[in-house]
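A lone chain, given as C-alpha coordinates: the form predicted alone.
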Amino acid sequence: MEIAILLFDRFTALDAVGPYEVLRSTPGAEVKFTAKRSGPVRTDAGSLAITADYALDTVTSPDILVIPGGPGQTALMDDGEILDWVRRVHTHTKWTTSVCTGSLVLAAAGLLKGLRATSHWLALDQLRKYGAEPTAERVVIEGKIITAAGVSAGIDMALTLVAREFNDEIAQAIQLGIEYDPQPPFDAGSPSKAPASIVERLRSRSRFILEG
(Lines give C-alpha, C1' and ligand atoms only; values in the text may rest on other atoms or scores of the structure.)
Protein backbone atom coordinates (compact mmCIF):
# COMPACT_ATOMS: atom_id res chain seq x y z
CA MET A 1 0.00 0.00 0.00
CA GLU A 2 1.99 2.96 -1.30
CA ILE A 3 0.91 6.22 0.31
CA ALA A 4 2.14 9.54 -1.10
CA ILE A 5 1.88 12.64 1.08
CA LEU A 6 2.61 15.78 -0.92
CA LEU A 7 4.77 18.38 0.81
CA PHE A 8 5.27 21.97 -0.32
CA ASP A 9 6.71 25.15 1.10
CA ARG A 10 4.48 26.49 3.91
CA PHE A 11 2.25 23.45 4.38
CA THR A 12 0.51 23.01 7.75
CA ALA A 13 2.26 20.34 9.81
CA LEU A 14 -0.77 18.56 11.31
CA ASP A 15 -2.46 18.37 7.90
CA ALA A 16 0.30 15.97 6.84
CA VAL A 17 1.34 14.39 10.13
CA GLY A 18 -2.20 13.59 11.34
CA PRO A 19 -3.03 11.35 8.36
CA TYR A 20 0.54 9.99 8.40
CA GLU A 21 0.19 8.79 11.99
CA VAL A 22 -2.96 6.87 11.06
CA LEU A 23 -2.02 5.56 7.64
CA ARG A 24 1.49 4.42 8.55
CA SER A 25 -0.10 1.77 10.78
CA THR A 26 -2.14 0.13 8.02
CA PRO A 27 -1.15 -3.36 6.79
CA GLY A 28 1.67 -3.16 4.25
CA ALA A 29 1.89 0.63 4.40
CA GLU A 30 4.78 2.36 2.64
CA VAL A 31 4.56 6.10 3.23
CA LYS A 32 6.42 8.39 0.84
CA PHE A 33 6.74 12.07 1.68
CA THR A 34 6.91 13.63 -1.77
CA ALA A 35 7.75 17.10 -3.09
CA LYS A 36 8.84 18.79 -6.31
CA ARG A 37 12.42 18.25 -5.19
CA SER A 38 13.66 15.88 -2.50
CA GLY A 39 14.96 17.41 0.73
CA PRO A 40 13.61 19.28 3.76
CA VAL A 41 10.35 21.19 3.30
CA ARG A 42 9.38 23.93 5.75
CA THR A 43 5.95 24.26 7.33
CA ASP A 44 3.91 27.47 7.46
CA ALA A 45 5.48 28.39 10.82
CA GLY A 46 8.98 27.97 9.41
CA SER A 47 10.23 26.38 12.63
CA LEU A 48 9.67 22.80 11.48
CA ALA A 49 10.76 20.92 8.39
CA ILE A 50 9.86 17.44 7.17
CA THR A 51 12.12 15.67 4.73
CA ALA A 52 10.65 14.69 1.40
CA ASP A 53 12.65 11.62 0.43
CA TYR A 54 10.93 11.35 -2.94
CA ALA A 55 10.69 13.78 -5.84
CA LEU A 56 7.52 13.88 -7.91
CA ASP A 57 8.97 11.95 -10.83
CA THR A 58 9.81 9.00 -8.57
CA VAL A 59 6.23 8.57 -7.31
CA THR A 60 3.96 7.76 -10.22
CA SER A 61 1.21 5.40 -9.07
CA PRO A 62 0.57 5.49 -5.31
CA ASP A 63 -2.47 3.72 -3.93
CA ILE A 64 -3.30 6.69 -1.71
CA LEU A 65 -2.58 10.37 -2.28
CA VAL A 66 -2.81 12.87 0.59
CA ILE A 67 -2.63 16.60 -0.13
CA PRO A 68 -2.36 18.74 3.01
CA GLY A 69 -3.23 22.41 3.16
CA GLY A 70 -1.50 25.52 4.39
CA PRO A 71 -0.70 29.00 3.07
CA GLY A 72 1.62 27.50 0.46
CA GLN A 73 -1.38 25.91 -1.24
CA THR A 74 -2.05 29.21 -3.06
CA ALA A 75 1.13 28.90 -5.11
CA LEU A 76 0.38 25.27 -5.94
CA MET A 77 -2.88 26.22 -7.62
CA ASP A 78 -0.94 27.92 -10.42
CA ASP A 79 1.89 25.38 -10.52
CA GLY A 80 1.52 23.36 -13.71
CA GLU A 81 4.04 20.74 -12.65
CA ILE A 82 2.19 20.01 -9.42
CA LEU A 83 -1.28 20.05 -10.98
CA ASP A 84 -0.22 17.77 -13.84
CA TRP A 85 1.30 15.34 -11.34
CA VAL A 86 -1.87 15.34 -9.24
CA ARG A 87 -3.99 14.60 -12.31
CA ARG A 88 -1.70 11.77 -13.46
CA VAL A 89 -1.44 10.21 -10.03
CA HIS A 90 -5.20 10.42 -9.54
CA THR A 91 -5.75 8.10 -12.51
CA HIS A 92 -3.92 5.35 -10.60
CA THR A 93 -4.99 5.90 -6.99
CA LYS A 94 -7.48 3.88 -5.02
CA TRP A 95 -8.02 6.95 -2.86
CA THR A 96 -7.25 10.62 -3.55
CA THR A 97 -7.55 12.70 -0.39
CA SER A 98 -7.02 16.19 0.96
CA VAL A 99 -6.92 17.94 4.30
CA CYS A 100 -7.94 21.54 4.91
CA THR A 101 -7.11 23.79 1.93
CA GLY A 102 -5.49 20.87 0.15
CA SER A 103 -8.93 20.43 -1.41
CA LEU A 104 -8.34 23.68 -3.32
CA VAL A 105 -5.39 22.01 -5.03
CA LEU A 106 -7.65 19.13 -6.06
CA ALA A 107 -10.16 21.69 -7.26
CA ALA A 108 -7.56 23.61 -9.26
CA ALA A 109 -6.56 20.32 -10.89
CA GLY A 110 -10.15 19.93 -12.04
CA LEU A 111 -10.91 16.89 -9.90
CA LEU A 112 -13.80 18.30 -7.88
CA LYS A 113 -16.10 19.64 -10.60
CA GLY A 114 -19.68 18.78 -9.73
CA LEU A 115 -18.64 17.05 -6.51
CA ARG A 116 -19.37 17.84 -2.90
CA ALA A 117 -16.21 18.77 -1.02
CA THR A 118 -15.06 20.36 2.20
CA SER A 119 -12.11 22.44 3.34
CA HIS A 120 -11.17 24.77 6.17
CA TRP A 121 -14.29 26.76 7.04
CA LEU A 122 -12.63 30.01 5.97
CA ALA A 123 -11.90 28.56 2.53
CA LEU A 124 -15.20 26.87 1.71
CA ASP A 125 -16.40 29.60 -0.64
CA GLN A 126 -13.24 29.22 -2.73
CA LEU A 127 -14.29 25.70 -3.76
CA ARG A 128 -17.32 27.01 -5.62
CA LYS A 129 -15.05 28.95 -8.00
CA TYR A 130 -13.78 25.63 -9.34
CA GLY A 131 -17.15 24.00 -9.82
CA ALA A 132 -17.27 22.09 -6.54
CA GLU A 133 -20.20 22.08 -4.14
CA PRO A 134 -18.84 23.20 -0.76
CA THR A 135 -20.18 21.65 2.42
CA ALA A 136 -19.24 22.22 6.04
CA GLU A 137 -19.11 18.49 6.81
CA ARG A 138 -15.96 17.28 8.52
CA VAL A 139 -15.26 14.45 6.06
CA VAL A 140 -16.79 14.10 2.59
CA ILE A 141 -16.55 10.99 0.41
CA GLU A 142 -17.24 11.28 -3.32
CA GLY A 143 -16.27 8.06 -5.07
CA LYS A 144 -12.56 7.60 -4.42
CA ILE A 145 -12.04 11.24 -3.41
CA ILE A 146 -12.14 12.09 0.29
CA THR A 147 -11.83 15.68 1.46
CA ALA A 148 -11.45 16.74 5.08
CA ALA A 149 -12.19 20.01 6.83
CA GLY A 150 -9.52 22.02 8.62
CA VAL A 151 -6.27 20.64 10.04
CA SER A 152 -7.31 18.17 12.78
CA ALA A 153 -10.02 16.73 10.50
CA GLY A 154 -7.24 14.94 8.63
CA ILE A 155 -7.14 12.36 11.42
CA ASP A 156 -10.86 11.69 11.00
CA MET A 157 -10.39 11.45 7.24
CA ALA A 158 -7.59 8.92 7.56
CA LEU A 159 -9.54 6.74 10.01
CA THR A 160 -12.53 6.87 7.66
CA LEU A 161 -10.32 5.80 4.78
CA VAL A 162 -8.85 2.89 6.76
CA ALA A 163 -12.33 1.66 7.64
CA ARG A 164 -13.34 1.79 3.96
CA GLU A 165 -10.15 0.22 2.60
CA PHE A 166 -9.73 -2.43 5.32
CA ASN A 167 -12.39 -2.66 8.02
CA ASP A 168 -13.76 -0.96 11.10
CA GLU A 169 -11.74 -3.16 13.45
CA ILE A 170 -8.40 -2.07 11.99
CA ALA A 171 -9.49 1.57 12.04
CA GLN A 172 -10.59 1.28 15.67
CA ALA A 173 -7.34 -0.44 16.65
CA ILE A 174 -5.36 2.42 15.10
CA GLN A 175 -7.57 4.99 16.82
CA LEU A 176 -6.97 3.30 20.16
CA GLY A 177 -3.25 2.95 19.47
CA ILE A 178 -2.87 6.70 18.98
CA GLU A 179 -5.40 7.30 21.80
CA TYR A 180 -7.43 9.61 19.61
CA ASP A 181 -10.17 10.49 22.08
CA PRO A 182 -10.79 14.23 21.68
CA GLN A 183 -11.98 15.99 24.82
CA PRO A 184 -11.13 19.65 24.13
CA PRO A 185 -11.32 22.18 26.96
CA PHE A 186 -13.60 24.41 24.86
CA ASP A 187 -16.51 23.69 22.54
CA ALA A 188 -15.19 26.17 19.99
CA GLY A 189 -13.89 23.95 17.22
CA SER A 190 -16.28 25.10 14.50
CA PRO A 191 -17.77 28.48 13.53
CA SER A 192 -21.21 27.22 14.51
CA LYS A 193 -20.06 26.66 18.09
CA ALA A 194 -17.36 29.24 18.77
CA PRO A 195 -18.25 32.66 20.24
CA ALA A 196 -19.21 35.11 17.49
CA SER A 197 -16.38 37.48 18.46
CA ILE A 198 -13.81 34.71 17.97
CA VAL A 199 -15.29 33.71 14.61
CA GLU A 200 -15.17 37.31 13.42
CA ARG A 201 -11.61 37.76 14.65
CA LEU A 202 -10.41 34.82 12.57
CA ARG A 203 -12.54 35.78 9.59
CA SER A 204 -11.16 39.32 9.54
CA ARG A 205 -7.61 37.96 9.45
CA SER A 206 -8.28 35.26 6.88
CA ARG A 207 -5.84 35.20 3.99
CA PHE A 208 -8.78 34.48 1.69
CA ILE A 209 -10.38 37.78 2.69
CA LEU A 210 -7.09 39.66 2.55
CA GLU A 211 -6.21 38.20 -0.83
CA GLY A 212 -9.66 39.05 -2.17
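The structure presented is a predicted model; accordingly, all values stated were derived computationally and were not measured. The first residue of the shown sequence is 1; numbering continues from there.
The same protein has a further form, the form predicted together with another copy of the chain, not shown here; the description that follows concerns it.
Student: Would you check, heavy atoms only and a 4.5 Å threshold, whether residue 181 touches another copy of the chain in the model of the complex?
Tutor: Residue-level check for residue 181: yes, a contact with another copy of the chain.
Student: Hey, in the model of the complex, is residue 44 touching another copy of the chain, heavy atoms inside 4.5 Å?
Tutor: Heavy-atom contact with another copy of the chain at 4.5 Å: present for residue 44.
Student: Can any non-hydrogen atom of residue 156 be found within 4.5 angstroms of another copy of the chain in the model of the complex?
Tutor: Answer yes; at least one heavy atom of residue 156 falls within 4.5 Å of another copy of the chain in the model of the complex.
Student: Please run the contact check for residue 62 against another copy of the chain in the model of the complex: heavy atoms, 4.5 angstroms, yes or no?
Tutor: So residue 62 does not count as contacting another copy of the chain.
Student: Verify the flagged residues 176, 190 and 193 against another copy of the chain in the model of the complex: is each one within 4.5 Å by a non-hydrogen atom?
Tutor: Yes: 176, 190 and 193 each sit within 4.5 Å of another copy of the chain in the model of the complex.
Student: Where, within 130-160, is there a heavy atom within 4.5 Å of another copy of the chain in the model of the complex? Residue list please.
Tutor: Heavy-atom contacts to another copy of the chain in the model of the complex: 138, 149, 150, 151, 152, 155, 156, 159, 160.
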